[in-house]
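Okay, so we've got a single protein chain in two different forms coming up as structure tokens, structure 1 first and structure 2 after it.
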Structure 1
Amino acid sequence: MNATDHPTGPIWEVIGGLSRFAALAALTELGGPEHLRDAALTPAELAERCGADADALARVLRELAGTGVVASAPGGRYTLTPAGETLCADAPDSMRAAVLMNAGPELRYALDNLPRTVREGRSAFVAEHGTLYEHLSDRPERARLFDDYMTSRAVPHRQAVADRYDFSGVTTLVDVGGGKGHFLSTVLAAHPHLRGVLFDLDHVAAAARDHLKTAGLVDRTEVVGGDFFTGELPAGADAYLLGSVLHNWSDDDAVRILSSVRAAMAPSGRVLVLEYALPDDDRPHVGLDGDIRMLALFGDGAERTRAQYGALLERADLRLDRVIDLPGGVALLEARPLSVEG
């Protein structure tokens, strides 16, 4: 039915992704990974521990064996692969929140209503629920899951930023929209001379305080709650990081955020934008899946090319000086003030 040499092959492959993701989300939600980490189990043994039906769970496990999340073991048992281990809630850099957020009501509503979004040219999610951040602001549990999702989403990138960017000339790094502070803690751990300031919405700032305390970074960090559209950003720092922030917003809103940074930064400062950098043509790129999520959830939010970021920076009186390509299709774009006043 899904022979890859038939013209329908690519379509079946895409449809199959739905079933594989549903199986992954079901196993994660049932707490299966935590039990399988303790011991190799038969579907019946796992079903008993999860409170699930053995035959149904056997089919979920069989599907997931094909995806490399679990592996068959002797005696009809299953074990977790290294990928599967990241689904455990307490795994370092756990993927649990990433799976559950993508399987949750916000993404489901946004993606289910993609035809309406495409017809109308504005996000059906935003039309019904407001922006994702407005929606999460009075749903603390979902907001916590989202912050954890952002933390795991950044796993492949944050060590690369700490390792590949030369922070020797930077004294204070402001992480604008820094989430729980996962970038700041990684970068500060690698560069002991740096101080960090985390700026994010009030409820996220509270979570960041806890995270930075646990990371032992209270003495080297400050956390500021605020809104980058209406509040002033911490002023006078020599570097401002915007990690996966601009992709949530329209060109005009992205320029407003960059202009706030431009107004706050030291004249000799720099702005670091970390985003997927899409190719200029239709080549496949991991950021294109993210772009559809941006379209569905934010409407005007978008993944962009290097040239598009260069144009946005210029509108905010910033010059794109350097692009550092990082693993996973992501780039770190360094910009400095275009005009120097005085």
Structure 2
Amino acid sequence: MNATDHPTGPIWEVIGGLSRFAALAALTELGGPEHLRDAALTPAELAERCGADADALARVLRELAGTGVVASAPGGRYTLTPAGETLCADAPDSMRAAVLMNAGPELRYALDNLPRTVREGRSAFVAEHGTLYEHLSDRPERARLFDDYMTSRAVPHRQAVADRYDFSGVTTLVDVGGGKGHFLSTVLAAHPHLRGVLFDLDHVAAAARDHLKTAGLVDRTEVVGGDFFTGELPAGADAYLLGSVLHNWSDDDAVRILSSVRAAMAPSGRVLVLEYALPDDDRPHVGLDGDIRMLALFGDGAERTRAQYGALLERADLRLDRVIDLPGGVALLEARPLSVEG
């Protein structure tokens, strides 16, 4: 009988993932991908460049060859695969920040203490360290790494929205909680008729202005500082985008955000919610992994199913009209006012 057919097979597969990720993080932190991109190297040659032990590094490379990150080459050498090339810092779709952030002390603490979180119903990380954003506020290097991680994670999502959604009926798009403006600039670049408004906290707005200026979009954009809980959002726009915003918050807080948007939007306006859309059955989904991270790190935050998002929207007087599936397990949920005054 094949070992994978044994009832213990799925358990061993999950356990093995810990070792594979540890090897991936080690190679990335040592700078191995950058050296292997330049030339195929033996473990000893790579170890000399990385300042590592050759025998130990050989075992890491052997493990990663089985994952498709590196591949064996003649002469006992190893070379990078296309997947491995994404571990380089300057790769177009670099995964370096994602690997190092997920291997870092924040997530390690959060996941190691998941039993406590589940018992108490509150993130053990938040209980000990405050929110992740508070924790990172006096750790600039980790904060930059987290920012790079979030930016790289969103690249395929924002391009998919720009390519797949029909913005022909939209004149003004408000990006709610839009950060530095990467999402908004991608959409505006693909749709020259659009004007954009970025709405985020005051200390974020300054960085957004710089990014939109660099992107050559100053004439087509406005940056407004404010809080989507306590401040009024720019009113009367055709569409309001919430890109990976709601999953950071509890159901009640998500409804508060949506209600703020609902109060600002025109009767003919629409809300676009970009999030992982979890399956309603037992199918594996990348968003399920993300949901455990949200539970461990944030406690109140959660990934949700389409039905759950539909219920949140309805509580905010919004009707889920359609769902557009996008690559990577995310979906764009389009909603319109449930009731129209007058």
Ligand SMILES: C[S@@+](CC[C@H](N)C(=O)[O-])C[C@H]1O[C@@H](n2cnc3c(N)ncnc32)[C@H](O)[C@@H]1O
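Quick caveat: nothing in here was measured; it's all calculated off a predicted structure. Rigid core: the largest C-alpha set superposing within 1.5 Å between the two forms. Residue numbering: structure 1 sequence, from 1.
> Of these two forms of the chain, identify the one that is the form predicted together with the named molecule.
The chain shown as structure 1 is the form predicted together with the named molecule.
> Can E106 and V176 be said to ride on the same rigid part between structures 1 and 2?
Considering the two-part motion between structures 1 and 2, E106 does not move with V176, as they sit in different rigid blocks.
> Report the rigid-body rotation angle of the smaller part versus the larger between structures 1 and 2, as an integer number of degrees.
The rotation of the smaller rigid part against the larger one between structures 1 and 2 is 13 degrees.
> Would you mind giving the Cα movement of T221 between structures 1 and 2 in Å, after fitting on the rigid core?
With the rigid core fitted, the alpha carbon of T221 is displaced 4.4 Å between structures 1 and 2.
> Where the core is superposed, what shift in Å does the CA of R270 undergo between structures 1 and 2?
A shift of 3.0 Å.
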